[in-house]
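Presented below, as structure tokens, is a lone chain in the form predicted on its own.
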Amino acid sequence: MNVFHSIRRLCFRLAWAALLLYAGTPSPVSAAALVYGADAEGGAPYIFPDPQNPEHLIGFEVDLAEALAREMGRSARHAQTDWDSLIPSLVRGDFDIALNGIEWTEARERKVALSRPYYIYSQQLVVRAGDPSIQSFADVSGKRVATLKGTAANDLLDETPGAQPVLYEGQVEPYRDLALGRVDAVLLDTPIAAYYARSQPGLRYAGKPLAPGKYVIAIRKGDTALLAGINAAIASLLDSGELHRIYARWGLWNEAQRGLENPAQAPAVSEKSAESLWFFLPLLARGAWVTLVLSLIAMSLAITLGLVLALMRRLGGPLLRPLAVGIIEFIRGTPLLLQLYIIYYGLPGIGIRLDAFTAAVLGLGINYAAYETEIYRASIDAVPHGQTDAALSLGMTPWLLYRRILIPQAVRTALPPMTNDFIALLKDSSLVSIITIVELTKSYNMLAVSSMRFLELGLLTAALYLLMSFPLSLLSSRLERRLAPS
């Protein structure tokens, strides 16, 4: 009994200590610090880990945030947030301001308050140095042009007849794929092009910068005091020359920045407004079709490869059996996202270059093959052992036993869980957006970021997923009833 009381007291003290520690932890938004939301994974030169000290963040927007905080008598603190989620997270109250290359658009101004511009950017087209077919933006018709989703460059390419946009999540991958020949050109903001393309000998600028716009800081609507403070701080940094020094240090100052002195005349990105939600349906339907086709091909590969691995594990002997087990455990023990990165971005390092769709099919198919192997194994084990003994007593070889007796009966047991796996694969296909596949989830993300209609488009996208997966659920239930032993 004394032991019980001692344990209870210890648990109570640990819980009390944890409560005190939690109470002493600063909240995401505090009065002392100016908490700015930004995506450090997005890349240079905005905000990124210092190569010499990865725990420390650097970038021209890091310097800008610290300078703004000093002007306002506060300290700056970074809050990591995916770029696509910056505005929703700001509205939710996760941080004070969103500062991460946010382009001024009418849709964003309707959703949040936007500061005066702090940088004037343009779009810069970059091509391979040895490619004479593209000399300016006028030559992109029929070309695969890489850019970031949900950006002004993305909108510009969508409006350009004949251009074939290839959308990426990060800033490094477009220029890497350009060097590898997977795309014909890259169109991104001038700060990105200056940092990544100017120093690479195999790349060159194609034409002059075009389509100027302005970067602004987002603040929650109604937070008028903070908005006034941010605007005053930007004006003070501009007047004192500190803004010039920050941009010059990163090689980003140019004559276009003179327009910051008169914010009313700074260029702005215009956009099309769509009143009806059904305006977006064709684009979402196109993404849904890509999702369905990709999932069907990948699941076919998974079922076939899973059967091969299952037979290797059972009939492979001392050489193939351990190999099959190693492959299965490696695939199941590593994330699908990592496998997609290795297949698409890693294999070119050893001379294997796959297009995005092939890499997506291989990634999903190989990943799910490991799980289908285990389904096959369990289904084969479910066949009564007496049938195996009877077949062997009749002189059947192991291969004939599996082909005539075990596999036909195992399929009856395996089909329903495989159908469930197909539904899971249909949803996991959203991960292939990291290798430039524009499937349903990525289509939603692009449209929601540009229009700021996260809720309505999210519900419409969910309905499309349901329309694809619900028939599969009915099929799974029907198979279970039909194939169940009487």
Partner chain sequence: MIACLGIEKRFGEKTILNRIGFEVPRGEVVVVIGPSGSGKSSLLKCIGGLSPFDRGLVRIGETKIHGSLSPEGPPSAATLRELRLKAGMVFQQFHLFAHMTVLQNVIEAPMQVLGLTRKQAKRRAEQVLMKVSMGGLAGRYPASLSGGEQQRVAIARSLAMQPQCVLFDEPTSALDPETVGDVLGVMKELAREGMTMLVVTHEMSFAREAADRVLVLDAGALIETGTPEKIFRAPDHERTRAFLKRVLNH
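Worth saying up front: this structure is predicted, and the values here are computed from it rather than measured. Positions refer to the first chain, counted from 1.
There is another form of the same protein, the form predicted in complex with its partner chain; it is not shown, and what comes next is about it.
Participant: Note which of 190, 409, 160, 257 lies within 4.5 Å of its partner chain in the model of the complex, where distance is taken over heavy atoms; exactly one does.
Facilitator: Of the listed residues, the single hit is 409.
Participant: To verify the annotation, which of these, 321, 221, 332, 403, has a non-hydrogen atom within 4.5 Å of its partner chain in the model of the complex?
Facilitator: It is 403 that has a heavy atom within 4.5 Å of the partner.
Participant: Can you tell me which of 178-186, 395-403, 95-103, 116-124 lies within 4.5 Å of its partner chain in the model of the complex, counting heavy atoms only?
Facilitator: In the other structure, the partner sits against 395-403.
Participant: So in the model of the complex, does any heavy atom of residue 390 sit within 4.5 Å of its partner chain?
Facilitator: Yes.
Participant: With the partner left out here, check for me: in the model of the complex, does some heavy atom of residue 386 sit within 4.5 Å of its partner chain?
Facilitator: Residue 386: yes, in contact with its partner chain in the model of the complex.
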